[in-house]
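Okay, so here's just one chain, in structure tokens, the form predicted on its own.
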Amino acid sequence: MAEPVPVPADPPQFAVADAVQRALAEDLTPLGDLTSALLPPDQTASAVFVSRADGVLAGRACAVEAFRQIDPSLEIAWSAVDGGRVRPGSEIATVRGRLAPILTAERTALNFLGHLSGIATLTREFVERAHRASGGRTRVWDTRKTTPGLRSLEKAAVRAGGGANHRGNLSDWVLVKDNHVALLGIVEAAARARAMWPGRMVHVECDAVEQVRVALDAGVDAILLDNMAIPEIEKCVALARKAERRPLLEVSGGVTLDTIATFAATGVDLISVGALTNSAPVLDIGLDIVI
């Protein structure tokens, strides 16, 4: 089995800075950190990020940015990387410097690390089950079911977990869904897409084998097999293999950790899972202060 091509896990820095700034504003408006103001301003300490559970790390850039925005003089040394496994008791990073700003930034840094690591951890579980069932052929990707304002960060966490990214937004490519098909039909929608947006991928949602036949004849780039039963999916895979121009085949709907292996074994290329970003439990990470 070929090794996967490494994909950068970090989100764009401007997206990190913006998300962290908004999160800190929630904590510090209007009067700042009243409790940390009680501490001697020159008191220093070290603080260690420690994982309390098994998981996959993501969100380092956000944690760094949280401390940087509060106090750029704080020093952070990492013992783990995004995409790396952590165990209960694993030391992830150490922060050194003035205690008051460490405590001010603590919750924001932990919120991002826990949330994004939870996404990476759940993604890794889905990916490993899909790979075992398909010999590494079938990939898992996310959806646009993301937390408003955090899409870039959450999609980076999916990459850290070994998953792939579906559309980042509505401008990435043309995805003709059931409501579009009802109004335009597959052939007309595909023709309009090619005329209006040449060079963009044309992706069509189908919920029946006959629709897949039409989409194949229309020469679309990708077909989303929506909420189909396994026998129907297998028929669609067989049809696509015989097509003059084989599109990517994606499965969506009814995919859980218990069912993903069965879907992956059908021979589809991609499986989309909204749960990666909208239902992942937080990974328990703590910050232990050492005075």
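Numbers follow the displayed sequence, beginning with 1. Predicted model only: the values in this text are computed from it and were never measured.
The form predicted in complex with another copy of the chain is left out here; the points below concern that form.
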property	result
Per-stretch contact check against another copy of the chain in the model of the complex, the hit in 122-130, 209-217, 106-114, 80-88 (non-hydrogen atom, 4.5 angstroms)	106-114
4.5 Å heavy atom contact, L74 to another copy of the chain in the model of the complex	no
Partner contact for E26 in the model of the complex: another copy of the chain, 4.5 angstroms, heavy atom	yes
Contact test in the model of the complex: A164 vs another copy of the chain, heavy atoms, 4.5 Å	yes
Exercise: I230 in contact with another copy of the chain in the model of the complex, heavy atom 4.5 Å	no
Contact set, 272-291 vs another copy of the chain in the model of the complex - heavy atom within 4.5 angstroms	N278, S279, A280, P281, V282, I289, I291
